[in-house]
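In structure tokens, the next block holds one chain alone, the form predicted alone.
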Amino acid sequence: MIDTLLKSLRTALWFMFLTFPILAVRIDSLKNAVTVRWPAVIILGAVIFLISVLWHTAGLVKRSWFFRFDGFKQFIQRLPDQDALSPFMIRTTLGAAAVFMISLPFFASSYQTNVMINALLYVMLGLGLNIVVGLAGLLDLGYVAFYAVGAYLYALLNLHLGIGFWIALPMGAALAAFFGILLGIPVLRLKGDYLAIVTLGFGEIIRLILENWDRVFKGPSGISHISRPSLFGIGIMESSVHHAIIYMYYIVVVLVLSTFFFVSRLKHSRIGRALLALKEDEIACQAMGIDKMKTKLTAFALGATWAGMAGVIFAAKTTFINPASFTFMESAIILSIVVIGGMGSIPGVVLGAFFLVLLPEYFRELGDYRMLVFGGAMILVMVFKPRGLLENTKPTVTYVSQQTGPDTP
């Protein structure tokens, strides 16, 4: 017990030392003074000390006789697991989620509806990146570039040619798919860290072009007064902003459902199995007659398609875009959604998007400690569920040996 207390004390002191410049030191530029908030540091150290003690105590309890019971260990390993859920539970959960999503604008405020739109947009982006990372196993750190392509396409077409949302939506998807193919061609021979570096550079090139080509993309000042979607030629903004948010919400819901259906069918299709084979072993994939080049280009194109559509929706929702909305941090958040939710798992990506988008919003009341709690929650998820909240289950085949003999018909 003494060793546990000493380890917890060292952990708390080390954590206090690392967070001291961020949490304790506050610079007041108006009064030209520096203040140190010692109570915040002491409270943080006490919390870390208690968490560390509980952590080590839980490790001792986990090694006790109660947790050695095989049935309990199997239950913990399977929870939450997609195979542990019965078809009735899945249908009931999906039905309840559908009723909740349809009725949300009727009892929620405009702010809450707007937050849910953002979460659904990240669901669409996560499902698109899941095709590239989760199914094909291609680490893409510049995914936000396709997001920016769709947003700027709609903004420029609406600004110069007056093209509406419904016409720009498929155009944004097609142009993003074209850029996905352009990215895929030079990286066909790369994989792993080298592929990640190249895709990261591609995303930064797109952002720098948007930021420095002022004559076309308006530079850091961005493009404003982008039209919202119309309903049979009628502008929704003419009635009220609340009605426009509700209309945009249902558009996003329909597009997310279509994305969910498409990605689910893709996963179990011939192309999806080729992507999974490419992820497992490229040499074996080629030996089975699968064209590695076409499969990688298909993965980049399909993943970029949904990012382009999400970019068009984002531009129509905010009515203003600039390069600051498409930084590397956005790609990191989308990749975190896929990893935390479960690589290759479609329900896991949806759960991961809600976890990463809604959790910080609900923790706004914590003020300065909001991101600290959020980061701690992410660490806990990765420690206890390293394969994601709902890890992808691989199909298994059971071989039954049949003995043949003189009595066998």
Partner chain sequence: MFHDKAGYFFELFIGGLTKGSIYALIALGYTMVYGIIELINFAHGEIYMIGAFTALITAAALTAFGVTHPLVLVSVSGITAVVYASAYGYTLEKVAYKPLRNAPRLSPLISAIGMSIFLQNFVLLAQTSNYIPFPNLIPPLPFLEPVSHIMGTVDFIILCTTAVIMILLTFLIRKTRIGTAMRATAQDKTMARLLGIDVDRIISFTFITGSALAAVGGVMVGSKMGQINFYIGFIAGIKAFTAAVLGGIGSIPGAVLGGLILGWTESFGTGYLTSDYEDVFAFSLLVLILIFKPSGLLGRNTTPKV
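Positions refer to the first chain, counted from 1. We call the rigid core whatever largest set of C-alpha positions still superposes within 1.5 Å between the two forms. On a predicted model such as this, the values are computed, not experimentally measured, just so you know.
This protein has a second form, the form predicted together with its partner chain, left out of what is shown; the following refers to that one.
Interface segment, criterion being heavy atoms within 4.5 Å of its partner chain in the model of the complex, picked from 120-128, 211-219, 312-320, 149-157: Within 4.5 Å of the partner lies stretch 211-219.
Is it the case that residue 96, even though its partner is missing from this view, gets within 4.5 Å of its partner chain in the model of the complex, heavy atoms only? No.
message = Given that its partner chain is not shown alongside this chain, does residue 340 nevertheless sit within 4.5 Å of it in the model of the complex, heavy atom to heavy atom?
response = It does: once its partner chain is placed as it appears in the model of the complex, residue 340 has a heavy atom within 4.5 Å of it.
Notebook entry, point to check: Just to confirm, residue 260 within 4.5 Å of its partner chain in the model of the complex by heavy atoms?
Noted result: Flag for residue 260 set to no.
- Query: Would residue 363 show up as a contact with its partner chain in the model of the complex if we use heavy atoms at 4.5 Å?
  - Reply: Residue 363 lies outside the contact set for its partner chain.
Legend entry - One residue of 230, 110, 336, 264 in contact with its partner chain, assessed in the model of the complex (non-hydrogen atom, 4.5 angstroms): Among 230, 110, 336, 264, a heavy atom within 4.5 Å of its partner chain in the model of the complex occurs only for 336.
Note to self: Just to be sure I understand the contacts: of 163, 115, 174, 197, which is the one whose heavy atoms reach within 4.5 angstroms of its partner chain in the model of the complex?
What the structure shows: The residue from 163, 115, 174, 197 that makes the contact is 197.
So which bits of 283-313 sit within 4.5 Å of its partner chain in the model of the complex, heavy atoms only?
Only 283 sits within 4.5 Å of the partner.
_Threshold 2 Å Cα movement between this form and the one not shown at residue 358, rigid core reference_ = Superposed on the core, residue 358 moves its C-alpha less than 2 Å between this form and the one not shown.
Once the core is aligned, does residue 346 move its Cα by at least 2 Å between this form and the one not shown?
Shift of 2 Å or more: no.
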